[in-house]
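Only one chain is given next, in structure tokens, and it is the form predicted alone.
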Amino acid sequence: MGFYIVKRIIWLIPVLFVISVVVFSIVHLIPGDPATVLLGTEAADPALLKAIKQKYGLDKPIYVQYFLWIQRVLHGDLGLSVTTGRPVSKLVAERIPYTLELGLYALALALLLAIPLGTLAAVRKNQAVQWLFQGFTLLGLSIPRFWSGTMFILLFSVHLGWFTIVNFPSFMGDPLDNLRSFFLPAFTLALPAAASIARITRASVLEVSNMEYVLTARSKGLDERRVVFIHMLKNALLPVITVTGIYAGYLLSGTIVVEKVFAIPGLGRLGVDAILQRDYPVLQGTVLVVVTLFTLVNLAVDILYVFVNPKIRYV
């Protein structure tokens, strides 16, 4: 087990290298000269164009620019914002708590919805449960987040007044108010993930329900709830963990739309604003952090596999 974990961590190094190359290429894949793009309407001034190239090292060969950039990144320096002049690392540090809380909150809601509903749909064959399951998964996968988020704001915040989305207080300052403020955006973000995880849970529970150890447990007269939660659900969780790990990463990237709809000052909104303002250092830093988090989540899921099922052996 220890050897596998060490090997996966070592494999993470070339993966992060490729990620860094792709993220660095964002500015250089833009049509035209990056310095011209950064200057916008002021690019007609040759002296200013030369100064901005020297400031950002754009007058050096591309491979030199990359090594200088990655050297700064390894020291925690993501560059300076073109629009504000502030360090990108500080902008990211201010925004990342909102995105992480929103993603974790959404993941928790998705699991709380998906696992019970998927398990119930697998063990209960009556028509009402099946209709509920099919309706929930269909709506969850079909409705776009920007539309469902807007409808939730109109219904639960504007008309009913149950939730406030004006401010998002710190969790440490007021936990209940914090969770209440984040509930609507987290629920909006969680719905598609919950629908997919519920389908995987149902299929996995149905698969293990005909296994010999389950039939043996039932033949011994064990309570059905014990059979479901101890013998079936525990062994059906491996595929669920896989899809949960994948969606944990996608929830981080999915916050872009939700943060924009609910005006949450997170990484997603920071990235969108950077695109609109042509602030490519901020965009590079935001994408680098999000993609790195996505990679680390997948590593954590692979390692979690070993602890959930010790019978698994990796070569």
Partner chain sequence: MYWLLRLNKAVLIGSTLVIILSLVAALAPYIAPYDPTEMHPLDRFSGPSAKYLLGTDFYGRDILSRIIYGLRTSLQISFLSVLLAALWGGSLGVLAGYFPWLDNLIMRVMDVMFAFPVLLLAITIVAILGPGEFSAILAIAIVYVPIFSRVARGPTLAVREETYVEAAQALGASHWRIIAKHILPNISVPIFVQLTVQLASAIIFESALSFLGLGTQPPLPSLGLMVSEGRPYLEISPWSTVFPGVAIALVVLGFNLLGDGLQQALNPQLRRRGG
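Positions refer to the first chain, counted from 1. Fair warning: this is a prediction, and the values are worked out from it, not measured in the lab.
Quick note: we don't show the form predicted in complex with the partner chain, though the next part is all about it.
Though only this chain appears here, would L112 touch the partner chain in the predicted complex if you measure heavy atom gaps against 4.5 Å?
-> Answer no; every heavy atom of L112 is more than 4.5 Å from the partner chain in the predicted complex.
Hey, in the predicted complex, does A47 get a heavy atom within 4.5 angstroms of the partner chain?
-> No, A47 sits far enough from the partner chain in the predicted complex that none of its heavy atoms falls within 4.5 Å.
So in the predicted complex, does F294 come within 4.5 Å of the partner chain, heavy atom to heavy atom?
-> Looking in the predicted complex, residue contacts with the partner chain include F294, since a heavy atom lies within 4.5 Å.
Considering only heavy atoms, tell me if I256 and the partner chain come within 4.5 Å of each other in the predicted complex.
-> Close contact exists here: in the predicted complex, I256 approaches the partner chain to within 4.5 Å, heavy atoms only.
Specify the contacting stretch among 75-83, 138-146, 180-188, 95-103, defined as having any heavy atom within 4.5 Å of the partner chain in the predicted complex.
-> Correct option: 138-146.
May I ask whether R124, V129 and L233 all come within 4.5 angstroms of the partner chain in the predicted complex, judged by heavy atoms?
-> No residue of the spot touches the partner chain in the predicted complex.
Quick one: from L68, A51, I26, I62, grab the residue that has a heavy atom within 4.5 Å of the partner chain in the predicted complex.
-> By the 4.5 Å heavy-atom cutoff, the listed residue in contact is I26.
Who in 262-277 is close to the partner chain in the predicted complex, meaning a heavy atom within 4.5 Å?
-> In sequence order, V272, I275, L276 come within 4.5 Å of the partner.
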